[in-house]
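As a starting point, one isolated chain is supplied in structure tokens, in the form predicted alone.
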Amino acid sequence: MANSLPPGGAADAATRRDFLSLTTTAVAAVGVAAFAWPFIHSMNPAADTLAVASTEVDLAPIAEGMAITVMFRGKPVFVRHRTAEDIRLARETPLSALPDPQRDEDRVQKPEWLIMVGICTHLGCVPLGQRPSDNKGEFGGWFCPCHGSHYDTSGRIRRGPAPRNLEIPPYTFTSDTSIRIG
């Protein structure tokens, strides 16, 4: 009778079967990884987003009482050169009058410069108040016409449905006349 096992017996057949199983599994794993990589890679931030990880702003051209809007990470950032009256009004407001109590001194690094994200904390609208002709609301700061939120000269919510003050982004003064946001 002829032996149906290959030369070397049952041990060689099992070793060969194990080798083929491991090889097939490894090739399948590499194939799945190669297929999934483009989808995983697509979740990384885009190059244009990484390029704006920080924004430099020259404050020198902004006259007292004026404001500009710059973009940072796809969001508008309001930069206002506050007047002595703006600062006085913000500092004299009692914390008990604020829905989201926060001292003006805690929202600014230099009293004359207010830097904040210009997105209403209610539903993400962009409030009015950057241009001299804009409605600045009842408290002289910003007004969101979509739902009626009023912010004061420190960007704190004073009236309306917004639950929080306008956000202060991370920023540093790189000189007396320039800042880096981010």
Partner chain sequence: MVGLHKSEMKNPVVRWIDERLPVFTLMDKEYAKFPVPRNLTYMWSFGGMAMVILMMMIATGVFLAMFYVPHTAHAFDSVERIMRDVNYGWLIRYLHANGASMFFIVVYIHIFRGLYYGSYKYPRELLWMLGVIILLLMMATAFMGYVLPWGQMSFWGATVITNLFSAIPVVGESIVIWLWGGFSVDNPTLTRFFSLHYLLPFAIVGVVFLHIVALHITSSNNPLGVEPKGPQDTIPFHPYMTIKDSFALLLFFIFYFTFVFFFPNYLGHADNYIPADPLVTPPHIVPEWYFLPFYAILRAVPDKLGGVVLMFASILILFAVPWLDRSPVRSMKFRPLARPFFWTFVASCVLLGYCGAMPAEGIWVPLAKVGTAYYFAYFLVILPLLGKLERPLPLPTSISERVLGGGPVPAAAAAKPMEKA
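Predicted model only: the values in this text are computed from it and were never measured. Residue numbers count along the first chain shown, from 1.
Below: the form predicted in complex with the partner chain, not depicted.
K.L.:
Three residues, Met71, Val126 and Arg164; all within 4.5 Å of the partner chain in the predicted complex via heavy atoms?
P.N.:
Affirmative, all three are within 4.5 Å.
K.L.:
To verify the annotation, which of these, Ala33, Val27, Ile40, Ala60, has a non-hydrogen atom within 4.5 Å of the partner chain in the predicted complex?
P.N.:
Checked against the cut-off, the match is Ile40.
K.L.:
Could you work out which of Arg88, Arg103, Lys75, His81 is the residue within 4.5 angstroms of the partner chain in the predicted complex, going by heavy atoms?
P.N.:
Checking each option against the partner chain in the predicted complex, the one that comes within 4.5 Å is Lys75.
K.L.:
Pick from 115 to 123, 60 to 68, 132 to 140, 149 to 157: which stretch has non-hydrogen atoms within 4.5 Å of the partner chain in the predicted complex?
P.N.:
That would be 115 to 123.
K.L.:
Where, within 17 to 32, is there a heavy atom within 4.5 Å of the partner chain in the predicted complex? Residue list please.
P.N.:
If the 4.5 Å heavy-atom criterion is applied to the partner chain in the predicted complex, 17 to 32 yields nothing.
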